[in-house]
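For reference, the chain that follows is the form predicted on its own, supplied as structure tokens.
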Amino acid sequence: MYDLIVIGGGPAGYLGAERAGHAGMKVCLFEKRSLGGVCLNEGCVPSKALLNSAKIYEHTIHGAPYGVIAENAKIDHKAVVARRGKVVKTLVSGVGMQMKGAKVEVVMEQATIKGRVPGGFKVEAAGKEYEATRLLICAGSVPVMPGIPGLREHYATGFVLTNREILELPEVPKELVIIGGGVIGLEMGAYYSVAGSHVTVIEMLDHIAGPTDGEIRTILQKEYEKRGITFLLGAKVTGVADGKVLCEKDGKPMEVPADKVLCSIGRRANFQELGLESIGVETNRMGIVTDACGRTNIENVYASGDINGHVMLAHTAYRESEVAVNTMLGKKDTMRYHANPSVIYTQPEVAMVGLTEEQAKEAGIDYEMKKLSMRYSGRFVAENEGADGLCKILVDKKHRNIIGVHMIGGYASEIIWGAAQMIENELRVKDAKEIIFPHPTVSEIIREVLWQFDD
């Protein structure tokens, strides 16, 4: 009997298995497709490979202001896609080595929970049964495919794509229509617009980028409109037909021509066909119900990552699994989401952590806000000719602690972790002002904004 069976080899699953293995547990990990899950194979990492190629291309063709002249630059999309595959293969292999290093047994099969056994649980995969005293369920999520007329039928023909297929397109479509203006839609729109597509984003809300700070998402939209992306906001998709997407905006029907359609309106927890009912694990519309330690309603059964529906981000999944394994080991630990950063890896990058102004107002928090242009950073000016950005910080007026940091501009993704630590540690303005930032760095913009506040 194993000490722990992990179902799902994505970020939550493989990290949880590794942590448990290094802690001395006998662990078996099941993955039906490929180690690394959606993030490594179909999401976070391969999309960044594509976006980096677009960034290099843009730097090349816009190099004249920096004294760098390049002629006849172009994107070789097939080479970009091939490199994406190489990056994924390398990192998947690395995850496999991590599992070996932690002495985790890996079974590349679909696992189904079959019920209880004395002292634990029974799992079946490919006709073979396995038993363990604990379960960690990390089966991830799948794309939402709504009941829009013609959507599923055209997905079957390859006209409609999800995040998986869009990364493997052999050719750049002339007209790419994206249903959904969230992170996946924006990032893929960013790459394909640079690669040569005319991109149209159709979003039912009156804004893009979901819960992102309102001012920052407006800046981001304007940047992409300058680059030729069309946004249809407050528009409802009513159907998908050959060569077009049908929608309705302001009560008027519209037809948007398309060579390919990306459906990216969100993801849902993948908790069907796991056999949860065999042991009575509680679920709701979001996913498996868990407490702050990753525990389900069944003793010794835990769930981490997208499957619990809390925050569908890989780094969140990592931390959730660490909390779950620590709890199994008797170490006191709890999951906290108030300092959970998120990033949109477009050009410019958007990074945020903590509360937005909208969220602070909704929560009834009396806050103070200060902001500065990224051009207050010497390095930003040196490396971004004619560009601008923004750093905005929110502070609780009563306690003077930092409650939100929001940025748009270069290097934002690499800076935001420091802001997350400030919020996690409930640093007051006067404490944060004492931190020494290296100079010159773009991260100094945080210090500059902090000094706009009184202690």
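Position 1 is the first residue in the sequence shown; the rest follow in order. Only a predicted model underlies this, so the values are computations on that prediction, with no experimental measurement involved.
The discussion below concerns the form predicted together with a small molecule, not included here.
No member of the trio L220, A382 and G410 reaches the small molecule in the predicted bound form with any non-hydrogen atom inside 4.5 Å.
Heavy atoms within 4.5 Å of the small molecule in the predicted bound form are found in one stretch of 75-83, 289-297, 265-273, 121-129, which is 265-273.
For the chain shown alone, G140 is not a contact residue for the small molecule in the predicted bound form, no non-hydrogen atom being within 4.5 angstroms. In the predicted bound form, none of the heavy atoms of A195 sits within 4.5 Å of a heavy atom of the small molecule. The shortest heavy atom separation between M108 and the small molecule in the predicted bound form exceeds 4.5 Å. In the predicted bound form, E349 stays away from the small molecule, with no heavy atom inside 4.5 Å.
Note on the partner interface in the predicted bound form: the residue among A258, I184, L355, I166 having a heavy atom within 4.5 angstroms of the small molecule is I184. Though the small molecule is absent from this view, in the predicted bound form it lies within 4.5 Å of a heavy atom of just one residue from L313, V172, V92, A102, which is L313.
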